[in-house]
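Take a look at this one chain, the form predicted alone, written out in structure tokens.
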């Protein structure tokens, strides 16, 4: 596997469940697939993608993969990297559709030139027939992230392990982010079926402002007993505000219940500490591996998936959080893991 722009590697993940190590055969077709990503080496989540691509190469030694990204992200820079990759005429491309408008031109040009494309992590959200004609999308579903977490909480409430929801606040740091709004919408649909009121609250990304905004909301709405933070790093802020207000935010059958997202260290450690009921994984490892497999099967056999391939959400709770902590430490490294745990 080849890396662009200072990509770092550490130990490999455990062997893929899809099979053992294969060996290239004489005369076998050789392929080169490129992942053009928005997740740079300053983001530990890159490790999920690059390690899974290494595992792919072990299974398919006649394929070389390349990971290209930038640490100084901008849509314009991403498009530049994409156009640069297309100019090298790879046998396949995997790319998140960060901007449908900006990516449409270069990707349609690549597809028309016979280069298959798989979208990963972020799909083209436009209707079928209007979107970029990539083979498939491999990644999570933000609406389902909120909905499944809400449904999980309701199961626990029915079991008497946590309070039944009366009023849920979805705390978001970016009011314009469609993915975050989808998470809130999923939570709303799950909770309103159970009779709970749901409000979306813009708290911002600055800690003091976010804490003050959330505190004001909880004071004005004393019936609120669930807080859903749509970023893992804001979950300690929510727990801290509720704790200072003596609202009993730890996971038990009274007080306030906190839910959050992502398989990052702060989310997982929040669950392990009993501060957060549950979080989720969007299946980053599969988002690196599965696009490479579909590109291979398309080139080798002409196969094309007939639907999107969802890699999440996977619920992370007290029963599996220890295992997730072990997995994430293996990918992030102990130093980065501990630095991101802000509890």
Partner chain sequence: MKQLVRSQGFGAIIGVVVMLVVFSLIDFSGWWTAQTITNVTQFTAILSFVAMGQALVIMTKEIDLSVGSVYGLAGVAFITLEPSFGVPGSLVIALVMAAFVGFLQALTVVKGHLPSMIVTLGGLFAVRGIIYVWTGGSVHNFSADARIHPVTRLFGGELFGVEAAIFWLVVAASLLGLVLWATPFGNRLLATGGSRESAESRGVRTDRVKICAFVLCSLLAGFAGILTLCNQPQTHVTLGENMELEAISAAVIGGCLLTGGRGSIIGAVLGALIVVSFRYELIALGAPSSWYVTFVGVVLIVAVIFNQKLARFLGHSV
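Positions refer to the first chain, counted from 1. Every value quoted in this text rests on a predicted model; they were computed, and no experiment measured them.
Although not depicted, the form predicted together with its partner chain is the subject of the following passage.
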*asked:* To test your reading of this chain, name the stretch in 251-259, 217-225, 84-92, 128-136 whose heavy atoms come within 4.5 Å of its partner chain in the predicted bound form.
replied: 217-225
*asked:* Just to confirm, with a 4.5 Å cut-off on non-hydrogen atoms, which of 123, 236, 186, 116 contacts its partner chain in the predicted bound form?
replied: 236
*Counting non-hydrogen atoms within 4.5 angstroms of its partner chain in the predicted bound form, say which of 97, 180, 157, 201 makes the cut.*
201
_Just checking whether residue 101 would be counted as a contact of its partner chain in the predicted bound form - the rule being heavy atoms within 4.5 angstroms._
no
_is_contact(residue 207, its partner chain) in the predicted bound form, heavy atom dist at most 4.5 Å_ = yes
*Look up in the predicted bound form whether residue 212 has a non-hydrogen atom within 4.5 angstroms of its partner chain, and give yes or no.*
yes
*Looking in the predicted bound form, any heavy atom of residue 311 within 4.5 Å of its partner chain?*
no
*Within 4.5 Å of its partner chain in the predicted bound form, which residues of 326-343 have a heavy atom? Give them in sequence order, or say none.*
338, 339, 340, 341, 342, 343
